[in-house]
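Form predicted alone, single chain, as structure tokens, below.
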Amino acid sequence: MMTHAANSPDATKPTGRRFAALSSRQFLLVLINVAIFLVLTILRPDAFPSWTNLKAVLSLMSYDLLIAIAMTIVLIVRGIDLSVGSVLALASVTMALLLRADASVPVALLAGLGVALLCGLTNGLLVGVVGILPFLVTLGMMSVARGIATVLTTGQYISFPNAPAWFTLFGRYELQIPNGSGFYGVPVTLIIGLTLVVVTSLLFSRWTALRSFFFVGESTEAARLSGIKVTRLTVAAYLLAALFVWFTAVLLTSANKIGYANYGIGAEMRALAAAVVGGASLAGGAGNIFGTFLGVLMLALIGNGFVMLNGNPNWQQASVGIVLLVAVGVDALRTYRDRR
């Protein structure tokens, strides 16, 4: 039996067990996020609910959000991309090295985009054309991209002091919203992240080409028999994921004013956890961008909770693993139930 995600072609029809399941999942995620927020507010009323803290949480989660959207896209076509964090680092290093060499910002950005798309194209071709398992392909790309980034920088930060001021300020820009006695600074990274959530959700709901991703993930053979270009869409999914990784690299490089080979370490696990919690399936054919956003928000609140409560930072990483294991277990049970 075919299954559909909330952004799939049949998502607008409020009938069917699958739609109800995903709706309830997103509603549950909203409740969990509200509960975490209230608990932390009660435990640390002096620090957690302050706009300074919340702004930091939302700003930092914006990077994970873009990476998680990339992961969701490849999961929909029954893929996976373990190289997102490493490609992020390589794209960042590429741009930083060119900016240090006094290249113009457009040239540096295009070079970073080219590197990211090349990695995505390689992943897509090896998975979609050659037929190698996505796990093996992207695991290899993870090592290759991280290794090249490290070689290019010898593990050092790459600053670019002569770059135009507008570029180094862009990633830290805040939209000032009056609050009566002052202003709330809303990070541009958050604005971009939320905008991409809305735009991507709409595109997956309304654009036929992207809606076809779900059919590819549900049944490759059935999609091929229906005339869908499975190989082309698989490659396109990895290229689209690479585009989101590049967006992240641009924002991170601009905000920190450096390129760094260790950017994105562990990002693939956080992205995978958020995507699966949000409704994506390792079996393919399911994924919801808004659900992914809720998953990223949940992990961000949990991480901030460890900071607020002076918890052991090692448990923060463990919590991501626990969330991922639970989500994968639930996804496996859901897949088994739907196939019966």
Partner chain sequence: MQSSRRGFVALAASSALASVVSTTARAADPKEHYGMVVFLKGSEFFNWAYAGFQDAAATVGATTELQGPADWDASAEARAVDQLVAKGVKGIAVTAGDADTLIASINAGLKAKVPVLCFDSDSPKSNRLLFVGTNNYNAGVAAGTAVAKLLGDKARIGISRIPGLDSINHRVAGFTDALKKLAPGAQIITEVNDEGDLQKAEPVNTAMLQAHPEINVIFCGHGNPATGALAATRNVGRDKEGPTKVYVVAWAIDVPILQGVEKGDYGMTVAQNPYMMGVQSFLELWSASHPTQFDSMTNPGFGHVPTADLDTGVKMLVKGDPAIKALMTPPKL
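Remember, it's a predicted structure, so these values are computed and weren't measured experimentally. Numbering follows the first chain given and starts at 1.
Below, we refer to the form predicted in complex with its partner chain, which is not included among the displayed structures.
Proximity to its partner chain in the model of the complex, defined as a heavy atom within 4.5 Å, singles out one entry of L190, L117, V105, L252, which is L252. Its partner chain is not drawn, but in the model of the complex it has a heavy atom within 4.5 Å of L60. Contact annotation: A56 falls within 4.5 Å of its partner chain in the model of the complex, judged by heavy atom distances.
For the chain shown alone, L97 is not a contact residue for its partner chain in the model of the complex, no non-hydrogen atom being within 4.5 angstroms.
Residue contact with its partner chain in the model of the complex: G155 places a heavy atom within 4.5 Å of it. Contact with its partner chain in the model of the complex, defined as a heavy atom within 4.5 Å, is made by all three of N256, I265 and Q316. Only one listed stretch (105 to 113, 235 to 243, 192 to 200, 256 to 264) carries heavy atoms within 4.5 Å of its partner chain in the model of the complex, and that stretch is 256 to 264. Although its partner chain is not shown here, in the model of the complex the stretch 40 to 59 places heavy atoms of R44, A47, S50, T52, N53, K55, A56 within 4.5 Å of it, in sequence order.
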